[in-house]
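For reference, the chain that follows is the form predicted on its own, supplied as structure tokens.
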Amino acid sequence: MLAVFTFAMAGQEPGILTPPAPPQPRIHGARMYGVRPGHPFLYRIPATGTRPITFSAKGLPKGLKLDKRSGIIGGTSPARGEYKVKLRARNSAGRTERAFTIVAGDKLALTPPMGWSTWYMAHTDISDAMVRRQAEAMVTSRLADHGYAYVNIDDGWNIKPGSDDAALGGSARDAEGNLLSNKNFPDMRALTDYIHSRGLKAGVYIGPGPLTCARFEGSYQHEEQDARRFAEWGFDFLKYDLCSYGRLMKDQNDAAELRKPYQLMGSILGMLNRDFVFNLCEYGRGKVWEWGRAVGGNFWRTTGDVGGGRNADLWTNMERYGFGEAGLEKWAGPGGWNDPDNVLIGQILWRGKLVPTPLTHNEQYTWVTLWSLLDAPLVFGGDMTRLDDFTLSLLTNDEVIEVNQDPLGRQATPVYKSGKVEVWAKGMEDGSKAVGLFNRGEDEREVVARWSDLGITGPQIVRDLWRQKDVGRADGEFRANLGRHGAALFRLRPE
């Protein structure tokens, strides 16, 4: 039987566990990519290794073209069907290839979306220049090389009716009723063109009510016009936030009433000539996980704001929302995902100031480990222009990301709980098992993963995913010592 693994001892905090990427090229990211036929196609091949890297592809369908230097594939999505492609990369240190399947049909987001959002690092203090800097940082920091693709603009980009701020106030719509951006965003099409030029996707925000959460113009009674405006501007993602629409409802927890505005917008997005990943944000009301997919949603918030509350404790919120996903797994899968909100590590806006996350290293490992097991969208909420090495190591561990992006799309479930100790597991497409060990307590705990709980038999090779190395052979169980609020993530495969 394998000896006890040691992840973090009591009173200690682990530093960087993710090994540096080797000089040889490696291709990362999702292995399945969903598109709708005949729509604009954009995909940046995520790859690490010494630059320059030269890219090629075998089996790319007609209508798509690969830029061999940037690794950006563009063009028009093919006719319905599955297209098996071999992506290839080579540099001065070697070459590699990876299977990649383009699925042209009705489903988008076949794996959980990965990207970034403005909200938790700036709230409404946003601008075209700021978003461009963040988009550029997604590339220069190498987050894009690991699969991060969406640059999402949250609340605060358009007109705020009644505002006396010269940049934000004025007419919310033109004479034809078309939505207008505020003066901080002088040319939305130019902004999305810039984001697309980097091989990234652009996201926008609005809500079904008269006003957004921050009291900017909403889409109420302009739904189709606004959706077409977003398509005209070149956006690829829409976050649709309930907020003031709640005042128009008789019962804010009634599923039928909650479903109505999302059904409307979802049906409109489905008719447009662009692919829109649709993010339902109504905070888990009316059991949205049961109907989110049916109204066209690709992921749906199951919780309140993880960074919300004047006196919020971030660990308490993350713990409650993340571990609270237990029981929702049956509604998650390719095309539709449960969303416990953004990942708040690195430099975030916390109690009015842009500061390092208040979480310990252990707590940050727990966050990324749990979100990866949950198949939650990996939307980073921190400042990408101020990424430190530790935060980067958490966001760019490709073996951890692979758990999140596994094509099977099976959300993890808790298989063992005892007090503050938990073991979660999910089956992977290749037959292996991803296993997360968690200590939610205040003191060091030993956590045991037993084969009887995991539903496996026989000897298994145990791989530590944070350290990216096999750590031995086990049969029947294995153990880890975890520090306060600590976690470890392993992958088991039959010997």
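Numbering starts at 1 and follows the sequence shown. Worth saying up front: this structure is predicted, and the values here are computed from it rather than measured.
Keep in mind that the form predicted in complex with a small molecule is missing from the display, and what follows is about it.
Exactly one listed residue, out of Leu395, Ala202, Ala109, Cys281, brings a non-hydrogen atom to within 4.5 Å of the small molecule in the predicted complex: Cys281. The contact residue chosen from Ile126, Val421, Leu180, Ala214 relative to the small molecule in the predicted complex is Ala214, the criterion being a non-hydrogen atom within 4.5 angstroms. When contacts are judged by a 4.5 Å heavy atom cut-off, Asp236 does not count as touching the small molecule in the predicted complex. Looking at Trp119, you'd find a heavy atom of it within 4.5 angstroms of the small molecule in the predicted complex. In the predicted complex, at least one heavy atom of Arg301 sits within 4.5 Å of the small molecule. Taking the partner from elsewhere, Asp305 is found to have a heavy atom lying within 4.5 Å of the small molecule in the predicted complex. Look at 318-326, 92-100, 206-214, 343-351: in the predicted complex, residues with non-hydrogen atoms within 4.5 angstroms of the small molecule sit in 206-214.
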